[in-house]
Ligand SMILES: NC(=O)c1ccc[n+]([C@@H]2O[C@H](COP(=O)([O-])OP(=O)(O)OC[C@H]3O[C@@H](n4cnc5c(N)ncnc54)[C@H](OP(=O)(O)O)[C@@H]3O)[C@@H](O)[C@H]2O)c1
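Taking the form predicted alone, here's one chain by itself in structure tokens.
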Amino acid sequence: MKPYIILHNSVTLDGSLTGFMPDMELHYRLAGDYEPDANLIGSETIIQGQEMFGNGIPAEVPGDFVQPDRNPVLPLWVIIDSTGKLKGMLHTCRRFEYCRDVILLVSEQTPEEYIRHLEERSYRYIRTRGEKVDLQEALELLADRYNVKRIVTDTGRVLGNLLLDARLVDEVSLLIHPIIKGREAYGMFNDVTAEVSLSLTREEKFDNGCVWVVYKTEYKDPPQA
């Protein structure tokens, strides 16, 4: 059985993911309140984060080749990287103090050189069938092997839309900011092709004008068991 998946994002009133400064403290506080076993992240999000907030990629040291010994309450970072884009960069994720450790989701077509790179550094990975990562298979294996029962993902439109189209999202959590981007909006759900019905389960207002809404999902054609 796959983990319970929460899609959590900060958006404008018209659903844009970009072009504004979210209340990051509130965003991450709400995400943390879910107490996830893992955060699901796309490789492009890691790269963009390094470009925005990093000061270059530091050299690896011997400690980067072993799994960290951290509080098991901390979430795992589960990163999708079937092409090996993060080679030479993963240690920056492993060093993050609020990350228990990193698990990679890769595929049959992932370069063997990248697999050796992961194994030499004691990174755990799940390899699925096909050219790209089979999300359904990967998430079921993640639950079975690592007892991951609850996942939060907040990494933007591409991964979020893929998860919705695969009918894998159980809950949508939106922190709506009092801003309208109009023509400049980068709509969070613009590429979703699945028909998704939503049932409101929570609504909360904050002094900064933000509204937090949480919905349960229901799909017209649920995935096959």
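All residue numbers are counted from 1 along the displayed sequence. Since we're looking at a predicted model, the values are computed, not measured.
Another form, the form predicted in complex with this ligand, is not on view; read the next lines as being about it.
Student: Which is the contacting stretch out of 36 to 44, 56 to 64, 192 to 200, 164 to 172, given heavy atoms within 4.5 Å of this ligand in the model of the complex?
Tutor: Contact criterion met by 36 to 44 only.
Student: Counting non-hydrogen atoms within 4.5 angstroms of this ligand in the model of the complex, say which of K85, R124, R95, R150 makes the cut.
Tutor: Spelling it out, the residue with a heavy atom inside the cut-off is K85.
Student: Test of understanding: in the model of the complex, would T217 fall inside 4.5 Å of this ligand by heavy atoms?
Tutor: T217: no contact with this ligand in the model of the complex.
Student: Mark G156 yes when one of its heavy atoms lies within 4.5 Å of a heavy atom of this ligand in the model of the complex, and no otherwise.
Tutor: Yes - in the model of the complex, heavy atoms of G156 and this ligand come within 4.5 Å of each other.
Student: Should L118 be classed as touching this ligand in the model of the complex when contacts are defined as heavy atoms within 4.5 Å?
Tutor: It does not: once this ligand is placed as it appears in the model of the complex, L118 has no heavy atom within 4.5 Å of it.
Student: Look up in the model of the complex whether I80 has a non-hydrogen atom within 4.5 angstroms of this ligand, and give yes or no.
Tutor: Contact check for I80: yes, within 4.5 Å of this ligand in the model of the complex.
Student: Residue by residue through 178 to 200, which ones have a non-hydrogen atom no more than 4.5 angstroms from this ligand in the model of the complex?
Tutor: Sequence-ordered list has one entry, Y186.
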